[in-house]
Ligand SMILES: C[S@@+](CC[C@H](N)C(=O)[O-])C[C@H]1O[C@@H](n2cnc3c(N)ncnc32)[C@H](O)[C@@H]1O
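This document opens with one chain alone, in structure tokens, the form predicted on its own.
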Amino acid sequence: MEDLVNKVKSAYIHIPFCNTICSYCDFCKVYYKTNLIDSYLDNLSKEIDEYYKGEILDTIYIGGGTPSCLSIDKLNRLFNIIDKLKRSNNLEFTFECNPEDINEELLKLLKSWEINRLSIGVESFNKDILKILNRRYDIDISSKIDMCKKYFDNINIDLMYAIPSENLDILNNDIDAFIKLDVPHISTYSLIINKNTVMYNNHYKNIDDELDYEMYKLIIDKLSKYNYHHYEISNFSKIGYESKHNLTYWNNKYYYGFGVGASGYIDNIRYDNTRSITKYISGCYRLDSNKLSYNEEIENAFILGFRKIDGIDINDFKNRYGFNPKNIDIVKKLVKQNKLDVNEYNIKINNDYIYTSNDILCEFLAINYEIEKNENK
């Protein structure tokens, strides 16, 4: 297997504070409390000092929570802390925003700290849908995006669908509105009602699978007509604007996760930070960690790699894991069933099976890849 130590190229930084809590959100978050922020940033700085090994990074992603809810002073403090991280000349530096927080002062600040990509939680233009999601519905999204374009050309907007009471007409109108914004990247999320969310506690139910599938197809069909490249199950971009940070995850590469609730993958170890802000600001950062076996490594390579529409790069896989993935029995079986497509360079899920890809991914669990490797040298 290729030695990946000291080849960490990405870092995720979690800011848990929010002015309001979205009804669907199960990420690690807390209400904005001024007295907690300084303690949180103190410990974020300490965590980075303790674990960061000085690698030059290609991507940094600040997510949440709602990073944009921090005051200008706190944001300056955050960026001074992040300045400890070394950066390559082609760094992709992403900052998540809520539309209501966007103003000239914020954008100028982000630009001054060399942020070069925004990810904006638009979710929907439909007021009834936004009310269900507990999102602001009185924002002029178009003017906010126009303001962002004065400072940034690399902008992602999030579209959420499959919300209870939503139908294809509502989604179609949303897609049209998103396309009209003319940004280079759109992330789409089919709503999952998770435990410990407001929607779950209020007994909302997921829409039926057939409607969810129709919505997914509608998104793909409409965005493709406007030159959005469907490069990952839920992500679409104009050519050249694919998310380099998220591709780190899908290519099973190493990355740091800093902050409460963050996860990381370093030196063949996957770790999760505590989700308790009380523990985090007391200096207890790590919740658990797990050193992966060879089989777990390869399971992850398949499960994450097949999220990409182009699938798994065969040469990259061979270099990292020591054998050709197209020669293993499960791949041969799925190719015969037309569920996987193989060419000289890639193995990917057949487009007709993308929506039901989880069924295919389950096939790659509990296989002894050590044996497969030895048989296919």
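Heads up: residue numbers just count along the shown sequence, starting at 1. Since the model is a prediction, treat every value here as computed from it, not as a measurement.
Omitted here: the form predicted together with this ligand. The next part is about that form.
The shortest heavy atom separation between N43 and this ligand in the predicted complex exceeds 4.5 Å.
Contact check for F27: a non-hydrogen atom falls within 4.5 Å of this ligand in the predicted complex.
Shown alone here, R135 lies within 4.5 Å of this ligand in the predicted complex, counting heavy atoms only. Heavy atoms of L191 reach within 4.5 Å of this ligand in the predicted complex, making it an interface residue. Only one segment in the set 298-306, 78-86, 94-102, 250-258 has residues whose heavy atoms sit within 4.5 Å of this ligand in the predicted complex; it is 94-102.
A heavy atom within 4.5 Å of this ligand in the predicted complex is found for exactly one of D158, D128, D272, D212: D158.
With contact defined as any non-hydrogen atom lying within 4.5 angstroms of this ligand in the predicted complex, the stretch 248-276 contains no contacting residue.
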